Every structure is written in C-alpha cells, then in structure tokens.
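Laid out below as structure tokens are two forms of one and the same protein chain, each shown alone and named structure 1 and structure 2.
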Structure 1
C-alpha cells in the first residue's frame, strides 16, 4: 500500500514551529507552551507510523447470471496490526449497480482478526464484466498519514441476456434430412396430414384411408409430411448501436438472438451465429444442449467496433452458411454494408428473413425545422429499404424494442404463408 502525508500533519508542524518562533521573537514562553502540544503530536506520529499490511480475498456466490439477477460479493480482510479506520470500496462496473447505491464501507480492523464484508451487485446489462480489485484506504491513529492500495484478485462475471418466451419462430423454406420438429414439404412418414392418393403395391396397410376407400371402392393412402430439422444462422448486425438513456439497439438484438437460438435448439435444429461488423465473428451451426452455451458466450462478447472498411459476405466462411439454411438477420438497417450484404445473400439463393430492430425509439428528432425535415427524409429512406427486401420476397418484420418478440415473429410467419410454402 502506498502512503501520502495528509494536510493535518503539515498544519500541526506549522503551528508548533510558529509557536517556537513567536516565543523567540517576543521573548515570552506563552507561544512556545501553546505550540508544544502540536510539536509533540507531530513527533509522536512520525515515530509511531507503521505501514499496515492487509491481505484480502474476494468470493462470489456465482460467476454466471442473467440480466436483472443479483450476485453476492464477499471480501475477507486480515491485517497484521490494528487499523482504527479502514475504508473499503469496490468499483462497480457501469453495467451493474450496488445494493442501496453505496459501494464504500468503513470498519475497524484488529490485528490477526479477519473481518468479512458483503455487498450485493445487480446485473443491468449482458456482457463479460470484470470486477475490479477492492480499494482500501486507511489512516494512522492521529490521521497524519493516508495509506491506499488495492488487494485481492480480479474476478470475471458472465452476464447472460434474459431470453424471451417464444412459442413459434420464423420457419425455413427447406428442411434437412435429419429428424426434428419442423414439417417438411416433402411427403413421407409423419404425423401431419398432406394428401390422399390411390394405393400402389408396397404401401403400408396402416396408411390406408378406409373411409375414402369404402366410398370410392378403391384403396387410398394417406400421405404425411415428415418431421425434419433445419439449419438456422442468426446474422447479427454489429456495425452500429443506437443508444439513448442507457439502452441501445444492440442490447435488444443480442437478447432476441439468444431467445431465438434457444427456441430453435429446443426444436432439434442446428443453429449458428454470424456477427457481421468491424470484426467478423462466427460460430458453426450445430445442435445439442452445449450449443446454446457456446452461442450465448459468443453473443455476450458482441460489441460494435468502428471501421470504414467496406465488408461484403465474401469474408464469411462458406461452411457457416450451409445449403438450405434459414438466415435470420437482426439489424437496424442503418448501415449500407449490412443492407448490401443481406441483398447479396438473397441473390445467391439463401432463405433470408429480416427482423428490423427499430432505431426510431432511440433517434429523437430535433426541434428545428431542418431537423424535422431530415427526420422525415430518414423515415422515407428506411421505408424504401424495406420495400426493396419485400420485392425480393424477403419477409421483413419490425420489432419495437421493449415489445414482446413473439408477435413480431408471428407476423413474419404470416408473411411467409403468402409468399412461399409453409406447413400448418
């Protein structure tokens, strides 16, 4: 711990010296008598000063939590000597808040007697949050010296976005050959009725439609839609983040991506992630319970990195976009690089769906007439961009941050019913 001299020591020394000088100048003992206690206190403080040796350890009740949950931080302190007054402060990260709004605590620390203090931190935003080392400040018994330092070890918290409940999500136009929960438009063994056709040699008797057969006098077979899985790639726009009042479009986009990934993986689909921005990030499509942890760990590392480099989809590894995969883009449609990349994906035949995270919630127009005009032109440009996608048969839904995600995705499914085959 480093130490600094307080202004109190300088004041005491100055008063003691002033008393001696006045006694010499006036030839009277009274000023010296008045200044003597200050000189004695100064010499005593210099003689007895000792730098305290403090050991500290920090502990968390858990290192992974969801947004809005609390984590208990415990700091254990042990000193080799008595400390009359010790202040302990733990810098709270911007994305968290301390219980009661206070992050400083004072206590008396006796020699070789450990003291434990606790605080509760609340996670306000997802992300990988480093917790700084506790900061200590102590004073000697007379308050002449101040000792400061940090002890303990740095800890990391992984705060996951709180998922939303989704009953249904956007459906892919094509399915894969593996078993899943998505109905294929092909016909085969399944539980969803597709059509009726005449019986041919080799058909299974359990598929005979006896009511139709008795009516026509000829055997007919029920055809079914088989249940298959799909490949889903979540395309996350990391070129911009429109923020206002501590909230931003990226916050909601990451929460939506985590919710959709959990929904698709529960349906036995293969899910991957592409973070398209200043730094390209990707996670290969896979299925299983461990994939959701890989996806969420990748999502909470998402950040906007400013770059003026023009980036197209050619930089995306081909294996991250399997054939017949559904690409669900979460974007604000504000950056031309993202707009062109998504149009390029559609032109190459990928099944594309766009969830627009509405930036209008965070972009408040100015009061001047020119600002109002610019805001209206901006709205017109965004409407024209949406029209470009719809003309290409791309379902695009507008999701207002703060509203439930499920109804917005349901609107996208209805759009699909009119533009391409969709079971059910």
Structure 2
C-alpha cells in the first residue's frame, strides 16, 4: 500500500516550530508552551505509525448471470497488525448497482482476525463487466498518514441479456435442405397440403388423392409442402448507440438479438450473427443448443467503436451470409454506412428484414422553434429512408424500445413474404 502524508502533520509541525521560534525571538515561554502540544502530537504520531499489511480475497457466488439477477460479492480481509479504521471500497461498475446504496464500508481490522464484507450487486445491463479490485484506505491513529492500495484479484462477470420469449418471429422466404419447423415453398414430403397433380411413374401410392382420381378417372396425387429449416443471420448495427437516461438503443438491440437467436435455434434453424460497426464481428451460422451460448457470448461483447472509415458489406466474410438466408437487421437506421450496406445486401438478392430500434424514443426535441423544426425534418428524413426499403420489398418493423418484441415481429410477418421479391 502506498502512503501519503497528510497536511495535518505538516501543520502540526509548523505550529510547534513557530511556537518555539517565537519563544526564542520574544524571550517568553508562552509561545513554546502553546506549540508544545502540537510537537508532542507530531512526535507521538510519528512514533506510532506503522505501515499496514493487508491481504484480501474476493469471491463471487457465480460469474455468469442474467440481467436483473443478483450476485453476492464477498471480500475477506486479513491484516498483520491492528488498523483502527480501514475504509474498503468496491467500485461498482456503471452497469451494476450495489444494494443498500453504499459501496464503501469502514471497519476496524484487528491483527490476524479476518473480517468479511458481503455485498449484493444487481446487474442492470448485459455485458462483460470487470469487477475492480477492492480499494483500501487506512489512516494511522492520529490521521497523519494515509495508506491506500488495492488488493485481491480482478474478476470478470458475464451478464447475459434476458431474452424475451417469442412465439413467432420473422419468417424466411427460402428454406434450406434440413428438416425444421418452417414451411417450405417447395413441394415434397410434408404435412401441409400444397396442390394436386396428375400421377407420374415413380410417385408413391400413398400420396394418391382417391377422391380426385375417381372423379376424373385419372390418377392424381397430393403434393405437400415440406417442413425445412432456415438460415438466419442477425445483423447488428454497431455504428451508434443512442443513449439517454442510462439506457440506449444498443441495450435493446442486443436483447432483441438474443431473443430472436433463441427463438430460431429452438426451431432447428441455423443462426449466425454479424456485428457491423467500427470493428466487424461475426459468427458463422450453426444450429444446436451450444450455438445460443456462442451467440450470447458474442453479443455481450458488443460495443460501439467510433470510426469514420467507410465500411461496406464486402468486408463481411462470404460464408457468414449463406445463400437463401434471412438477414434480420437490428438497426437504428441512423448511420449511412448501415443503410447503404443493407440496401446493398438486398440488391444482391438476400432476403432482408429490418427491425428498426426507434431512436426517436431517446431524441427529445428542443424547446426552440428551430430545434423543433429540425426534429420534424429529421423525422421526415427517417420516413424517407424507410420508404427506400419498402420500395425494394424489404419489410421494415418499427420497434419502440421497452415494448415487447413479439407484437412488432408479428407485424413484420404480416408483410407478404412473396411480395418481397417484386422488383423495386
């Protein structure tokens, strides 16, 4: 622990010295007598001071938790000597809160008698949160010296977004070859009736539609839509995060991404993630229960890194965007690079759907007339941007942060999936 000398020690020494000098100059003992207590206090303090040696260990009851959950932090302190007043502070990360409101505690630490401090931290936002080492501050008995330091080890907390249970999400226009829960547009083995056609050699007899065949005098068979899986790529806009009042668009976008990933993976779809921002992050589409852990681990590392570098979709590894995959973009539609990249994706034939995390919730218009005019113009500009997507057959869903995601996605499902392919 480092130590600093307080101004009190210098003041006392100066007062004592001044008394002695004045006594000498004046030739009377009163100034020396007045200054003597300060000299005695100074010498006593200097004689009794001892550098404290404190060992500390920190323990968490778990290092992975969901938003809104609590984690118990235990700090155990042990000192080789008595410390009359030890202040222990555990810096609470900005995305967490300490129960009880206080993150500093004072205590008396006796030699070789461990003291334990317990506190409960509540996770308010997803992310990888480094918990700093506890900070210690001790004073000697008379407050002349201050000893400060940090002890223990740094711990990492992984806070996962709390996913919303979705009953239905946006459907892909094209399906893949593996079986799944999505009704394919193709004809094949399945449950859902598609059409009736004349029998040809090689058709399975079990598919013969006997009613139609008896009516027409020619064999007909039923055609079915097979159930297939889809490839879904969640495209996360990491170019900006509009924040206000401790919450921001990225917080909601990541929660929505986790919810959608969980939903699609439960349907045996292959899900991948692209974080499109100052730093490109991606995760290849895959299916299975482990993929959800990979995805949320990738999502909680999401952060906005400011860059002015122009970035297009050609920087995205091709295998990240499989053919016939549904690209669901979670974006605020504020950055031109994202707007252009999504339009580029659509132009290249990808099945694109946009979930717009409404930044309007966080942008309050100013009180001046000019500010309100600017706000209205901004609204109009955003409406024009949405229109560009709709003209290209891209369903765009406006999602108000804080509202349930399910109804917003249901609105997107209403969009006629075949109409997406109309020329823009």
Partner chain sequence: MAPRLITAGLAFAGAAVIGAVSTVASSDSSSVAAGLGHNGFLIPGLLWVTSLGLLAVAMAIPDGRPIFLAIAFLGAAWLIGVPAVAAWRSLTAVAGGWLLAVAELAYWSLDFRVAGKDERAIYVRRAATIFALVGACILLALVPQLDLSAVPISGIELTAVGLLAAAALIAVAAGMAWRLRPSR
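Remember, it's a predicted structure, so these values are computed and weren't measured experimentally. Superpose the two forms; the largest set of C-alphas matching within 1.5 Å is the rigid core. Positions refer to the first chain, counted from 1.
- Only structure 2 is derived from the form predicted in complex with its partner chain.
- Once both forms are overlaid on the rigid core, the distance between the two CA positions of residue 281 between structure 1 and structure 2 is under 2 angstroms.
- The rigid-core alignment places the CA of residue 203 2 Å or more apart between structure 1 and structure 2.
- In a rigid-core overlay of the protein, residue 28 has its C-alpha displaced by at least 2 Å between structure 1 and structure 2.
- Core-based alignment between structure 1 and structure 2 gives a C-alpha movement of 3.4 Å at residue 141.
- Taking the rigid core as reference, the CA displacement of residue 14 between structure 1 and structure 2 comes to 4.8 Å.
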